[in-house]
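Only one chain is shown below, in C-alpha cells, and it's the form predicted on its own.
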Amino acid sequence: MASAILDRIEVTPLSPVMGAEVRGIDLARPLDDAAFKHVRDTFYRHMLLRFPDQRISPEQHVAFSRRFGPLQVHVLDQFRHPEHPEIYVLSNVDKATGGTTGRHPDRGTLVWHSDLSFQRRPALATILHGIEVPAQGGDTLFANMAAAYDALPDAAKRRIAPLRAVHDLDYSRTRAGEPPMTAAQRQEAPPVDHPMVRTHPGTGAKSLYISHHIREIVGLPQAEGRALFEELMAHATQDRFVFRQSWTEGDVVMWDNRCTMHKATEYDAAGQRRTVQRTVVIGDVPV
C-alpha cells in the first residue's frame, strides 16, 4: 500500500559530523508503517534527526516516542511531567509567577554524557521538544562517538577494548553541583558497569562509550582511571566530532545515545525563558 506521508518526506543532512533535518512530517499525527520505517532507517544512518516547527501535545510526544520502544520513567521524580511521567521537564519558568526562576533547572545537563548510561539498559533514543527557547545560548552539542572511536590509534583501541567503567548518577550529579539524590532514588538507580567500547545493535559499528556519569574504570587505580577517562573525553569532544544544535521554538530533536554524547550550553536563566520536554526510549544492555 502506498504511503502518502512517505512521498512528502524530505531529508537534508545537517553537517558532515552527524544529523539530518526531516521535513514533510507532522508528529502530531500517527505515521504509517512505511513512513515510520523510513524515519527509523534515517535515524540509524544519521544518528540525530531534527523535525522543525512541530506543535505536539504531551500525549502526541509520548505516542511518537513509543513507536521506537518502551519509555523510561526517570528516577529523578522532581522533573516528571505531572500527567505523563514518561516526560522529563526541564524549565526555568516559575509556574506561580510566570517569570523565570533565575536558575538553571539541572546543571547536570551541562556536562558531556549519554542518557541513562547509569542504568543496566541505557537509552536507545532521546526525543526532545523545544517549547520555549532562549534567544541566545541554550544550544545542545553532540559528539559522534563512532567517529571518535574510529580515530583512536590502534594501541588505544587495544588498551580500552577489555575495559569496563562504573556509571553512577549520584556521583555525576554531585560533581555538577546538584543536590545528592535521595536514599530512595539511589536505591532505584544503583551504580552499574558497562564496556567502554560498545557495538551498535542496529548498524554493527563500534563506538566509544563514555559519559560524565563514569565514577571509575574497573581494575584501574583511581588516578590512572581518571587520567584515561579525561584523555578519552578530550579526544571525543574535539570540534571535528561535534555538531551544534541551535534551537528554534517547535524543534523536535532525537538522537541515538548508543553512539553519541551530548551536553547543553549555558544561557541567561534569569533573563531568558527555556522549557524543554523529553522522552527517553529504553535500549539494550551494551555489548
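Just count from 1 along the sequence shown to find any residue number. Note that the structure is a prediction, hence the values are computed from the model and not measured.
Quick note: we don't show the form predicted together with a small molecule, though the next part is all about it.
Asks: Of 17, 264, 20, 269, which one comes within 4.5 Å of the small molecule in the model of the complex, counting heavy atoms only?
Replies: It is 264.
Asks: Among 205, 128, 76, 152, which has any heavy atom within 4.5 Å of the small molecule in the model of the complex?
Replies: Residue within 4.5 Å of the partner: 128.
Asks: Is the gap between residue 276 and the small molecule in the model of the complex 4.5 Å or less for some heavy atom pair?
Replies: Yes.
Asks: Quick one: does residue 64 come within 4.5 Å of the small molecule in the model of the complex, counting heavy atoms only?
Replies: Because no heavy atom of residue 64 falls inside 4.5 Å of the small molecule in the model of the complex, the answer is no.
Asks: Within 4.5 Å, heavy atoms only: does residue 140 come near the small molecule in the model of the complex?
Replies: Looking in the model of the complex, residue contacts with the small molecule include residue 140, since a heavy atom lies within 4.5 Å.
Asks: Please tell me whether any heavy atom belonging to residue 90 falls inside 4.5 Å of a heavy atom of the small molecule, as the geometry stands in the model of the complex.
Replies: Yes, residue 90 sits close enough to the small molecule in the model of the complex that at least one of its heavy atoms falls within 4.5 Å.
Asks: I need the one stretch from 255-263, 55-63, 219-227, 30-38 whose residues put non-hydrogen atoms within 4.5 angstroms of the small molecule in the model of the complex.
Replies: The contacting stretch here is 255-263.
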